[in-house]
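Read the single chain below, which is given as structure tokens and is the form predicted on its own.
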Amino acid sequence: MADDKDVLRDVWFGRIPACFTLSPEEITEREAEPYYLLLPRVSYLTLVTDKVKKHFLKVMKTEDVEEIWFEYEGSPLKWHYPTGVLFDLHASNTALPWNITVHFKNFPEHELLHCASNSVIEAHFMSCIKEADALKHKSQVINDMQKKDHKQLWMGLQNDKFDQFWAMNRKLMEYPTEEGGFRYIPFRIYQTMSERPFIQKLFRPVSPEGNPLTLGDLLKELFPAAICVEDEPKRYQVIIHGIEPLLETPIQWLSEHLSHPDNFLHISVIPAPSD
């Protein structure tokens, strides 16, 4: 893998300032102050919000507390999507901090998965990594790892330890030089305007003629509306980790450097803001 360690570090340490406010529907014994937190983009909301929960429990009675869930402007936030993806999809063109509403009642069963403990997050995270490696290496790399190696990946993410995580994740990013890239690129394209959770198909990083394929090539095949035609106003923004990469960027490079810890390249396509 190309050693652009600074890019990997910048991606890992990306943060979103957030302001958590208790929903006015919740019953409290006294007024609940908002809680401010810097959220790691690459983590999961339910993994980094223990402090938020403790903060609001101070003003609530035990009988008024059920399962915690989060919402932004009426949309329940899916904890199993990385936090950065949630922000890019729902709030990328709004002022910071990101205002998130906290609920302890009326869990939206049809929209969110339950998350009773960190082991649920770990199981989801590891299943994503296994799926990604099936696409990249026919599962050979992840199957060659021991259980403690899998644990190291998870603990690195859970405890925000860049070096611990990448010491193991490096292996998942390697490929034979003569192949020019992974077997297939693990990616997901999200959009708020669709009922589908995301688009995911088999896509090779290299053309049959051996040429590197780009982000633009991927979009042309799977989301052509996102490609801006000359002299036409821009309809969509294509966002990865809060930035709009050039469409000429090779998809293999993006997969190696801008994938989330789950080894997927998460691409958000949102309507371009109207000036």
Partner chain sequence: MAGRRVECLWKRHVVEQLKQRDRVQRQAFEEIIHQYNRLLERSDLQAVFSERLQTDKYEQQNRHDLSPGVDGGRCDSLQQEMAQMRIKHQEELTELHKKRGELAQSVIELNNQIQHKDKEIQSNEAKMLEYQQQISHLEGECRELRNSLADLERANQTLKDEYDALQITFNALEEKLRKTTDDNQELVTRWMAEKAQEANKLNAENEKDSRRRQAKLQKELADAAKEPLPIEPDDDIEVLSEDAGKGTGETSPSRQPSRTPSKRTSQPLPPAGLLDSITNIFGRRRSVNSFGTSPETAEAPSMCTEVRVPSTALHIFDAHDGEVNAVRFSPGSRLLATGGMDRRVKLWEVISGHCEPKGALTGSNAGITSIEFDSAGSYLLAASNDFASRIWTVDDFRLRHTLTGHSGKVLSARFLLDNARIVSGSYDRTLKLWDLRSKVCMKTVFAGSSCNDIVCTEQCVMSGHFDKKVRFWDIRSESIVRELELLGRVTSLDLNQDRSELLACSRDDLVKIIDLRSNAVRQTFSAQGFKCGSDFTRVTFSPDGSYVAAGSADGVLYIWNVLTGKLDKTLDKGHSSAINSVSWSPSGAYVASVEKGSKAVLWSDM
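Since we're looking at a predicted model, the values are computed, not measured. Numbering follows the first chain given and starts at 1.
We do not show the form predicted in complex with the partner chain, though everything after this point is about it.
>> Looking at 65 to 73, 203 to 211, 238 to 246, 219 to 227, which stretch has residues with any non-hydrogen atom within 4.5 Å of the partner chain in the predicted complex?
In response: Contact criterion met by 238 to 246 only.
> If you check in the predicted complex, is L22 within 4.5 Å of the partner chain, heavy atoms only?
Replying inline: Judged by the heavy-atom cut-off of 4.5 Å, L22 is well away from the partner chain in the predicted complex.
>> Even though the partner isn't displayed, in the predicted complex is V7 close enough to the partner chain, meaning a heavy atom within 4.5 Å?
In response: Yes, V7 is a contact residue.
> Given that the partner is absent here, does K58 sit within 4.5 Å of the partner chain in the predicted complex, heavy atoms only?
Replying inline: Flag for K58 set to yes.
>> Taking any heavy atom pair closer than or equal to 4.5 Å as contact, tell me whether K53 reaches the partner chain in the predicted complex.
In response: K53: no contact with the partner chain in the predicted complex.
> Are there residues in 89 to 106 with a heavy atom within 4.5 Å of the partner chain in the predicted complex, and which are they, in order?
Replying inline: L96, P97, in sequence order.
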